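Only one chain is shown below, in structure tokens, and it's the form predicted on its own.
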Amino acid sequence: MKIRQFQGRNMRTVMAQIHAELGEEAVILSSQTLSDGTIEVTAAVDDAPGHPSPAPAQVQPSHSVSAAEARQIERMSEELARLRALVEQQLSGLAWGQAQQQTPERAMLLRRLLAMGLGWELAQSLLDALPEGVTGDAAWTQLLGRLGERLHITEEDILKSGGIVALVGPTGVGKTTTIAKLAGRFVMRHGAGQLALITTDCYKIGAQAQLQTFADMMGVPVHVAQSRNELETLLIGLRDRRLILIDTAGMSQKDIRITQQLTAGYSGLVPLKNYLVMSAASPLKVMREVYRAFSRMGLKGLILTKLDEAVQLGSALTLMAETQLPLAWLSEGQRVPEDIERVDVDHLIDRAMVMLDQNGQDAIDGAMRLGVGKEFFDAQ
């Protein structure tokens, strides 16, 4: 058996590599998302068809097992686990082929949902809730309607209501640029005198300078808080401002210091609202990790950025459906303040459908045939 590892930016790229190098008979042994977001897949193909591997030797029971024997038993257990996974994948692939023949309507609908980038469980649950006898365009319309029922848009527009708003999230998702876009919109409506900007990012080189550049263009000063006491003092001193925007330090979702962010657990007279900023281009697995980590801070809503870099919007829709975290803003591009907007659920689903039409469904059948549908669509 020939075993190879493949890496790529997304699962579609990796599947193309597997098909090109190992062919249609390849099977997936494992898949994982690395810390930098790269997808790594281990695949194998039988390079000697017709010659099955010898059955593993039976282990004789013994009251005393040596260290060497224990290691051998462990290796055999791992091999049996891999063989079981291979069998399950093959059966899953056969089931997909059978489903296409016996229930082609359901298979077609599932393919379209997955092509949007929706997670495996969400797509299946939407199909399971579809009444029997509903087919064609009516079935697709109902599926999108049920998806829309699971998505929420925050009713509060912070540019109108004001308050104290902090943007939190991983490094590199565009928090500072988003702050500048929101600040620019607010200044055009209410003037620079009603706005205050605070940064707590004392880690990233140049972070304060970037925000200061935007602030100078709008005529708004930037205040720096390096401790919880400094932040609370600033908020008291700026309590006459209609809107206070706080730019926080970006942290990995695996950083144990997330709950030590200065905006976590703030309990002043005016409540502080944390909005999670997340790149729409992130894989679903990474989005789930980010949400689990930052939800400990208490989140008011979600801001999706870098839509222009995303190949699909389904991962974000899946996260919203799973967590019920409402979407506040949608951002794409670098123009300040133009490239940010509030959207409703219908507009959001329409954007996902446009991206579906652009990307097609080429990789879906390959993943389903190989029996890795869930792994594929939860990692893309």
Ligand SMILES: Nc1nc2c(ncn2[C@@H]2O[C@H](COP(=O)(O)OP(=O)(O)O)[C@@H](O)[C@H]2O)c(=O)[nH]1
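Keep in mind it's a predicted model, so treat the numbers as computed, not measured. The first residue of the sequence shown is number 1, and the count goes up from there.
The form predicted in complex with the named molecule is left out here; the points below concern that form.
The listed set E155, E79, E105, E309 contains one residue whose heavy atoms approach the named molecule in the predicted complex to within 4.5 Å, identified as E309.
Only one of T199, N274, S282, T177 comes within 4.5 Å of the named molecule in the predicted complex through a heavy atom, and that residue is T177.
Residue contact with the named molecule in the predicted complex: Q324 places no heavy atom within 4.5 Å of it. The named molecule is not shown here, but in the predicted complex it comes within 4.5 Å of a heavy atom of T171. Although the partner is absent here, Q210 sits close enough that one of its heavy atoms falls within 4.5 Å of the named molecule in the predicted complex.
At a distance threshold of 4.5 angstroms between non-hydrogen atoms, Q334 is in contact with the named molecule in the predicted complex. Screening 311-319, 324-332, 343-351, 33-41 for residues having heavy atoms within 4.5 Å of the named molecule in the predicted complex returns a single hit, 324-332.
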